[in-house]
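Okay, so here's just one chain, in structure tokens, the form predicted alone.
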């Protein structure tokens, strides 16, 4: 067995241990097939944050295998893959520019989103629109999605099985859009995408490589509504994103 294979097996074992720690002991075969974008786990030590290297990136997916967004939505259907379908009103797939250079990924729909079937349309969404406008980006220019696509009851945190069932579809959305930059909004978005339990307070302010896509974690707009003193930190994060977009044009 060559060194590359040994490293791949070691990486896979580490990932399985991570999932086990979340309480995930089994998952659908489709999840395994679609786990094609994967970042090296962020070290949990406070001094160990660094840029990530992709383990299995989009370069392993041929263009013919990449689905269009409408195909991903069709495959998702009237999803009943987890318990959230019992209490949701709407499935919130995502919306925006299908060729967006910037993709924003939140945590999950709230009540307003559940009613309208659209992401970030409540007070947090209105703030997000203003944040984008502050760096001269209109909402219609970006694509917005969430880690999970159905509202958890009482807006509780997403649970591991719910994330597990939604994540393959989020990956397909990312593959279809192929953004230059991802902004991970909030704890669950950043931790899920970066495969870590490091707090958002430590993750934000840095850029990570997500299979060739620059990933910037920052606070969720709903958190800013409760903690307006954190807006300055988000402003610094958004300036980094604006600079990265300018450099990639």
Ligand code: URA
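Positions refer to the first chain, counted from 1. Just so it is clear, the structure is predicted and the values come from calculations on it, not from any experiment.
Beyond the structure shown, there is the form predicted together with this ligand, which is absent from this document and is the topic of what follows.
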Heavy atom contact within 4.5 Å of this ligand in the model of the complex, the stretch among 165-173, 129-137, 110-118, 74-82: 110-118
Contact at 101, 179 and 214 by this ligand in the model of the complex, all three, heavy atom at most 4.5 Å: no
This ligand contact at residue 195 in the model of the complex, heavy atom, 4.5 Å: no
Residue contact check: residue 204 to this ligand in the model of the complex, 4.5 Å heavy atom: no
Any residue of 213-249 that, in the model of the complex, places a heavy atom within 4.5 Å of this ligand: 220
